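We begin with a single chain expressed as structure tokens, specifically the form predicted on its own.
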């Protein structure tokens, strides 16, 4: 895989608060190699290591996107949800930014059935068929449609398992990570100082609680994905 330059700037990361970790009492000892200092009771992440792994992740997603691989971005906590949706839409990726429904990947046949039901209900709503049903039936189906839109709306066009999954906050999305590990799907994880860096294929040490930090890391990954898509278009 060719290494590329992704304009990863340490000063930019500091301004976004990427280097702020958790309190020193709330940490995973396996993160020690990624921590550079302690300051006022919190761990400080080594941004040089962050830049290195972020660059590796950008190289990986660029290469995958240039070969038309499919991505899924997962981040369901409130601070990450909007950034995840915006990043995924910009890069034409699938995403989950609400509750992760257990088995989305490991029980893919059930997920496919739910997605087909979702598509059918959307079509019935679009054609006006729902409004022609008895009020009780229409209300029930509309509630079902709203539920499916909330939890599966970001993967409504996903026709198979993703090739790479990007996860915001390893601990929050542990179920999704375990499903990827079970299926052998490569993962890129944003990890804070309370996480295990050995679980994902590429772990990016970062502040996974600050919106600015999450947005910066996702923007770098999304830019690389978009560049990969453009590379495929230029060299099909």
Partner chain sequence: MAATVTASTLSSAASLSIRIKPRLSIPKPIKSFLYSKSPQFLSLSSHPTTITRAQSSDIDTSFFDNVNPEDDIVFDPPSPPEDFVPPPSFDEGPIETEEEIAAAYEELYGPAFSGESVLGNDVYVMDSKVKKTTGFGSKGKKEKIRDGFEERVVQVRRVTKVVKGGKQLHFRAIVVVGNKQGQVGVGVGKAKEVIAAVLKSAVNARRNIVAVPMTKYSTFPHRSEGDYGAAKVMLRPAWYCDCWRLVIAGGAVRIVLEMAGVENALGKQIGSKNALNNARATVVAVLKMRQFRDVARERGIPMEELWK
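Predicted, not measured: the structure shown is a model, and the values here were computed from it. Residue numbers count along the first chain shown, from 1.
The form predicted in complex with the partner chain exists for this protein as well; it is not shown, and the discussion that follows is about that form.
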Open item on the list: Taking the partner chain as it sits in the predicted complex, is residue 87 near enough to touch it, meaning that at least one heavy atom pair lies within 4.5 angstroms?
Closed with: yes
Open item on the list: With a cut-off of 4.5 Å between heavy atoms, is residue 141 one of the residues that contacts the partner chain in the predicted complex?
Closed with: no
Task: Non-hydrogen atom contact residue 20 with the partner chain in the predicted complex at 4.5 angstroms - done: no
Open item on the list: Whether residue 52 contacts the partner chain in the predicted complex should be assessed with a 4.5 Å heavy atom distance threshold; does it?
Closed with: yes
Task: Candidate from 129, 147, 98, 119 lying within 4.5 Å of the partner chain in the predicted complex - any heavy atom - done: 119
Open item on the list: in the predicted complex, does every one of 68, 182 and 223 come within 4.5 Å of the partner chain, counting any heavy atom?
Closed with: yes
